[in-house]
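Presented below, as structure tokens, is a lone chain in the form predicted alone.
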């Protein structure tokens, strides 16, 4: 892959200042103070919130504690979405810090998957990497890796070790020069105003006449409403890691440089704020 390490590093070290407060309906033995944390955009809530749990357990009785879950303004936060995606989808136009409510009761089974341990997150993460490699290389790269290589990817993410992760992940970003890119681009398009979890279809980085497809080409085919026609007021922001890339940006470059550690390009389409 093109070695644009500064971009990779900026993506990896993206942080969201967050304030965790305990849901007022929880039974506590004394007042629970808020807990502040810089959340890594590329990680997952269960991986980085051990300190949050310990902080609030100090004021609670063991019998009042069930599985911890998080909510933002009434919306339960899906732990299997990367943190940056959750923020961009639900809170991208709010004032920081991001205010998340912590719950230990009334787990919303209809909205969230249970996550009793980080091994569940690891299984989900590795499943996404394998799915992405099936799209990019017919699974050839991930199948050639050993179990310890898979573990290195997960441990790199879990322990926030950029070099450890990328020493292995760069193999997943390579392709033969003559191909001009991956077989298909692993992407997911999320919409705030939709009951559908996300859009995910097959899309090649290069057109049949060998032109590089762009972000605009992808949106035109998958979600044309996200684009602004001439003379129209802009209705949507198209966010990747909290920024709005130019629609002319080649999709292959975005996939190599702005994918999350799970190797998917997570694209959030959110309404432009009306204020």
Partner chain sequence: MAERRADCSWKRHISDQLKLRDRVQRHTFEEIVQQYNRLLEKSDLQAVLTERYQTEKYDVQRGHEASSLDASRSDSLHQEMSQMRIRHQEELTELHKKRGELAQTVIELNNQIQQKDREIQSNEARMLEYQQQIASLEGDCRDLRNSLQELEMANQTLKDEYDALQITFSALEEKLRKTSEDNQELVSRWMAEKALEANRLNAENEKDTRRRQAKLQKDLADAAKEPLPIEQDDDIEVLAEDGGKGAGETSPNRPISRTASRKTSQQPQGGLLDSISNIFGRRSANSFSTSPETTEPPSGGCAEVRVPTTALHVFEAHDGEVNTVRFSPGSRLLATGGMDRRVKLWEVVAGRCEAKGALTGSNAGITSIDFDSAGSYLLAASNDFASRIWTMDDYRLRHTLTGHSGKVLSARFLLDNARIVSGSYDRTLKLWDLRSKVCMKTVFAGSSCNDIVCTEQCVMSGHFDKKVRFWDIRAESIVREMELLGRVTSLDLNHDRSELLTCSRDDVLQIIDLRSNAVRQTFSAQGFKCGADWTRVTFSPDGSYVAGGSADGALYVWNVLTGKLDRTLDRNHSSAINSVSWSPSGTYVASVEKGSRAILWSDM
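Positions refer to the first chain, counted from 1. Here the structure is a predicted model, which means the values were calculated and not measured.
Not pictured, yet referred to below: the form predicted together with its partner chain.
Contact annotation: residue 37 falls within 4.5 Å of its partner chain in the model of the complex, judged by heavy atom distances. Mapping the unseen interface onto this chain, residue 14 counts among the residues with a heavy atom inside 4.5 Å of its partner chain in the model of the complex. Of the heavy atoms in residue 249, some are within 4.5 Å of its partner chain in the model of the complex. Residue contact with its partner chain in the model of the complex: residue 197 places no heavy atom within 4.5 Å of it. Residues within 4.5 angstroms of its partner chain in the model of the complex, judged by any non-hydrogen atom, belong to 235 to 243 and to none of the other stretches in 235 to 243, 202 to 210, 216 to 224, 65 to 73. Contact with its partner chain in the model of the complex, defined as a heavy atom within 4.5 Å, holds for exactly one of 123, 167, 134, 96, namely 96. In the model of the complex, its partner chain lies within 4.5 angstroms of a heavy atom of only one residue of 58 to 72, namely 58.
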